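One chain follows as structure tokens, the form predicted on its own.
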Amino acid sequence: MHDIVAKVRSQETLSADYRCLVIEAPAIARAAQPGQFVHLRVSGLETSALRRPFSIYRAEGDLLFLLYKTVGRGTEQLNRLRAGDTFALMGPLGNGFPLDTGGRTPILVAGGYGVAPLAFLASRIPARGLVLIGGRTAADILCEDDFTARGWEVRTATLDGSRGENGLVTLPLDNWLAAHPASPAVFFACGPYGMLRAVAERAASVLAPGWVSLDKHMVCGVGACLACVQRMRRPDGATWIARVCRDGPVFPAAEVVWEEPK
């Protein structure tokens, strides 16, 4: 883990709400693995403002790429960053996705900007398979070219039917499973809690391994504050409390104790 002052190389607008921030952060970029994240202190906010976690979208040479959606004061301030601006950055943090598929077909399932760490995974994993991307509208379907350029098949779904199938991203997933009942698969997922739970259930139903990246409110990023706890189950049935930032954010899907959102 490195705690550095990073410099902005550039910023690209992907759509009305989504942007890609390109950062000069050699030590972090060279160490980053798919599924890990960074903690960023947003310049321009009050000094007491907490760092914010962002999944790593790409890491190339000395450069780190972060895909984000403008949803509040912190990300609105990120929009104002320009080439040459600097800010505090800590990472890479957490544990990422395994890269060995064990000969199984990798199925990547993404919801919204949960596609970011899966795009990074697709650039490093040796096997090729299927990518399913879901969103509310066509504007929420991101990074298709990242996958297709590397030989992945991409299918999409939107809640308003404006892109791909009309419905949840589990719809094309169910269609694929029905069409390939004997194909051994391994699942990788990042997105909303309900989507992750649904993917985990489908993985279990076909006796396939699965990995999910959990999104919890991370304050410290290193497991000290206990703000991002998640109940897990060991193989012997005993439960334990994981710190998502330190023990995850990626966990075996079968070990997560899925609870109803409060």
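Just count from 1 along the sequence shown to find any residue number. None of the values given here were measured: they were computed from a predicted structure.
The following text describes the form predicted together with a small molecule, which does not appear among the structures shown.
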**Request:** Among 195-203, 231-239, 22-30, 212-220, mark the stretch whose residues have heavy atoms within 4.5 Å of the small molecule in the predicted complex.
**Result:** 212-220
**Partner proximity in the predicted complex: residue 75 to the small molecule, non-hydrogen atom cutoff 4.5 Å** = yes
**Message:** Against the small molecule in the predicted complex, would residue 187 count as a contact residue? Criterion: heavy atoms within 4.5 Å.
**Reply:** no
**Message:** Can you work out whether residue 132 and the small molecule are in contact in the predicted complex, taking contact to mean some heavy atom pair no more than 4.5 Å apart?
**Reply:** no
**Message:** Within 4.5 Å, heavy atoms only: does residue 116 come near the small molecule in the predicted complex?
**Reply:** yes
**Message:** Within 4.5 Å of the small molecule in the predicted complex - does that hold for a heavy atom of every one of 101, 124 and 128?
**Reply:** no
